[in-house]
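Only one chain is given next, in structure tokens, and it is the form predicted alone.
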Amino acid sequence: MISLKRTIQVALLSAVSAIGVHAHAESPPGYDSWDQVLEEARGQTVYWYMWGGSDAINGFVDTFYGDPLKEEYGINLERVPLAGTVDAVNQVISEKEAGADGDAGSVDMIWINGENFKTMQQAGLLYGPWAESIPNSALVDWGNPAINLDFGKPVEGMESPWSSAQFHFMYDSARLSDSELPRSYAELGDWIAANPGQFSYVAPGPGNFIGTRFVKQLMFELSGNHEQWVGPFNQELYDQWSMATWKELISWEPNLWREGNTYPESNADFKSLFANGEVEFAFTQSPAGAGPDIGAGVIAPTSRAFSFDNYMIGDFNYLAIPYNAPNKAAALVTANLVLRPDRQAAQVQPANGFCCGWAIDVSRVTDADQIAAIETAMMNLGDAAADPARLSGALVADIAGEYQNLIEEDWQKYVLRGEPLPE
């Protein structure tokens, strides 16, 4: 039986946005129309260079993209597995140095991260701008800095989102009710004071970005304005609000797990504390909320996910097309298929092997069959997932990488080691 909460979610997803799907005034560079792209793409093979370390993701790509590309568009998909994205970047750099310009390269599309996107963008190694000219880009909220900035670097139409992940929390519904959950850091501070010993968080540091995100979000709330953090690194802004952040975290310590004398060293350790009932909350980045950890037997079946109302950091991963891609039309069609709502609905479901979040704004979907696919996906996620409307409403972008190191170093200094705060 579908819960009232889930019924409300489905109703929200079914609402038609005034924005809707619209035709684009401009076509991708080098093409007069999308029909021309489709015509040229038929019979091509798209060579998609991507990290190959997950059999589940590889299988998802082959099934949910490879099959429809062949059947619907006459395109063959050749997935080229990589040990790391930098290998594809180096391939394109080598080709440029050898004069393999135009369509003389070997890489059609790359599953890319922020650092490598920046490298390719600065070196003029990308085709575009194209990302806002494919039809399904109308479903993307390009106005959100979480999407139009890739770790602080403007996307500028040179890459298109594939999927997302967003910070939120887990709790055990057998131990806490929904009405008891904090919905802000201010409420969390009050909850910690009222429930001594029952909260901790992952120690920020290299490899523990989720702990660093937890601290960043507190900094956003204390400063009262996330927008001021978007863009280039601002030392003055950091200096203004970091001390308030350390003071707040230090004030929690007497009521933290083990009185703040130690912190979980990884998210896996943190989930173990949660599963054992030593702490009441844990962290997740999955669109399925607590579902994947329940399925893996890591946490109790009664675990659920929830979001604060603001300042929940999300980020997106992207697809880029090199400047010398030999089959640009096939790459454009593939990137457009990736944004199709039924493919997006498939990727959020753990059973399909990928289980990453939406790259589109589901409220912009107007096609009845596509809406049905989204509704089915949300019901398949079950009650272990957070309310998607609340989660998307809290979405904010991550910020420039310089903040990351400073936050981790200063947290270690002032919170963990307890060195005196500057006057």
Partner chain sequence: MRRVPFYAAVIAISIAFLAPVISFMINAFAYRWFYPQLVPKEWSLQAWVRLKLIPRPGDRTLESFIDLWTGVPDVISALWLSLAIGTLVTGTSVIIGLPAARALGLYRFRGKKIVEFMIIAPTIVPPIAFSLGLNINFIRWDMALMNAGIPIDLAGSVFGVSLVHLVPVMPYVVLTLSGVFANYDADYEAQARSLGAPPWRIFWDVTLPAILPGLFVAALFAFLVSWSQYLLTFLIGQGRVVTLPALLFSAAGSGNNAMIAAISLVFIAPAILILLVTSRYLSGESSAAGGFGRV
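None of these values were measured; they are calculated from a predicted model. Residue numbers count along the first chain shown, from 1.
One more form of this protein should be noted, the form predicted together with its partner chain, which is absent from this view; the next part is about it.
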Between its partner chain and Y185, L222 and D367, in the model of the complex, does every residue show a non-hydrogen atom at 4.5 Å or closer?
no
Note: exactly one of A174, A193, I250, A100 sits with a heavy atom within 4.5 Å of its partner chain in the model of the complex, namely A100
Consider the chain as shown here, without its partner, and state which of Y47, W34, F354, Y65 has a heavy atom within 4.5 Å of its partner chain in the model of the complex.
Y47
Counting only non-hydrogen atoms, which stretch in 90-98, 229-237, 117-125, 149-157 is within 4.5 Å of its partner chain in the model of the complex?
90-98
Even though its partner chain is not shown here, does N276 get within 4.5 Å of it in the model of the complex, heavy atoms only?
yes
Mark G197 yes when one of its heavy atoms lies within 4.5 Å of a heavy atom of its partner chain in the model of the complex, and no otherwise.
no
Answer yes if any heavy atom of N336 is within 4.5 Å of a heavy atom of its partner chain in the model of the complex; otherwise answer no.
no
Is G297 part of the interface with its partner chain in the model of the complex - any heavy atom within 4.5 Å?
yes
Partner contacts in the model of the complex for 76-94 (non-hydrogen atom within 4.5 angstroms of its partner chain)
R79, V80, P81, L82, A83, D87, Q91, S94
